[in-house]
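Given next, in structure tokens, is a single chain: the form predicted on its own.
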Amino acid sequence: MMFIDPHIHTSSRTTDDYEAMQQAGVVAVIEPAFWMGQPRTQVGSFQDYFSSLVGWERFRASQFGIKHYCTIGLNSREANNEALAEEVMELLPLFLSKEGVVAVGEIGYDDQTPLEDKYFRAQLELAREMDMPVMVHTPHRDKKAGTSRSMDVCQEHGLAPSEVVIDHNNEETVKEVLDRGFWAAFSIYPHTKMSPERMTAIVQQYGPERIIVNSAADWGISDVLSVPKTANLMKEKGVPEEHIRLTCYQNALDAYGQSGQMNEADLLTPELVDQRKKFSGNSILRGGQTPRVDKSGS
């Protein structure tokens, strides 16, 4: 079975992770722009980071047979630095127009401050003007109220629920998100957020429509194989194979494919891996390593 991990921060991961994901059936990833673990202090840091998401990281993933897409946005934590946020906002239209960018995101609320609200709304307006889907980060504190508020604000700004993925759901939020017609994404995270067992129970209760499974793997304790592992558990628990395919592959493709940047044909006929290639003169190989070079039919 083929899988898409539609929320993973691969810039924070190693080449071993790419190899493991490819061997487990992950054919594509979506990497949302996010907080790096400490606040950035210069707009140039955002510019270089966004450039790496549409450049080097796409190349690095391709060297392991995985198609890399990304979302671009100002995350909620750093929206609280107003002077810097204003400069980042000026960058966004340029990077949202780049090849492989499938949504504005991840944006939304963290502590639900006035500045988070200001830049969430500004980016929703940008998404509407550029006719792009949106990936919404929901707050970890006061999640239920924050999730409801996020959907209210999206609709205030004229975004159709079918254009918005509400992420980091749990049992408290899923019913309202689905009832209101939004996509409901879930991050399978060790010890917190959502476990494979709870995710399986949610799919059994609500069915597969508009439900999306992701790993949200980053620089913290997380698992890049959360999507295939959850799919395997669903199979063990008797979830129909079509429901697994929808929640772990097709729904992400349908949601982010609305950008016009993500086509299934690219996943079904991937580019052959040739690790002799370079990006801006740089290779993933280090001295003495033997490159992987796939040949047609191999």
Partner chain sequence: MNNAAQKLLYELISQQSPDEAVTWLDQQAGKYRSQPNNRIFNLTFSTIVRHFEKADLTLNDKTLQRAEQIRSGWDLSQWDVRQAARTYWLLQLSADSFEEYRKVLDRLFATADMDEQVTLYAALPLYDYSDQMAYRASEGIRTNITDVFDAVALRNPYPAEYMSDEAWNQMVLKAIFMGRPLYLIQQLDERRNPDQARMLIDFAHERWAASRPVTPELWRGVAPYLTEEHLPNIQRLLEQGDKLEKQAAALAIKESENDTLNKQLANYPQSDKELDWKTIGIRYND
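Positions refer to the first chain, counted from 1. Please read these numbers as outputs of a predicted model, since none were measured by experiment.
Keep in mind that the form predicted together with the partner chain is missing from the display, and what follows is about it.
Of the residues Ile221, Ala145, Ala160, Leu94, just one reaches the partner chain in the predicted bound form with a heavy atom at 4.5 Å or closer; this is Leu94. Put simply, of Glu171, Glu197, Glu90, Asp179 only one has a heavy atom within 4.5 Å of the partner chain in the predicted bound form, and it is Glu90. With the partner chain omitted here, the record of contacts in the predicted bound form names 94-102 of 136-144, 223-231, 149-157, 94-102, defined by a heavy atom within 4.5 Å. Taking the partner from elsewhere, Ala201 is found to have every heavy atom lying beyond 4.5 Å of the partner chain in the predicted bound form.
Taking the partner from elsewhere, Glu129 is found to have a heavy atom lying within 4.5 Å of the partner chain in the predicted bound form. In the predicted bound form, the partner chain stays beyond 4.5 Å of every heavy atom belonging to Val239. At a distance threshold of 4.5 angstroms between non-hydrogen atoms, Val27 is out of contact with the partner chain in the predicted bound form. Shown without its partner, the chain has Gln47, Ser51 in segment 46-69 as residues with a non-hydrogen atom within 4.5 angstroms of the partner chain in the predicted bound form.
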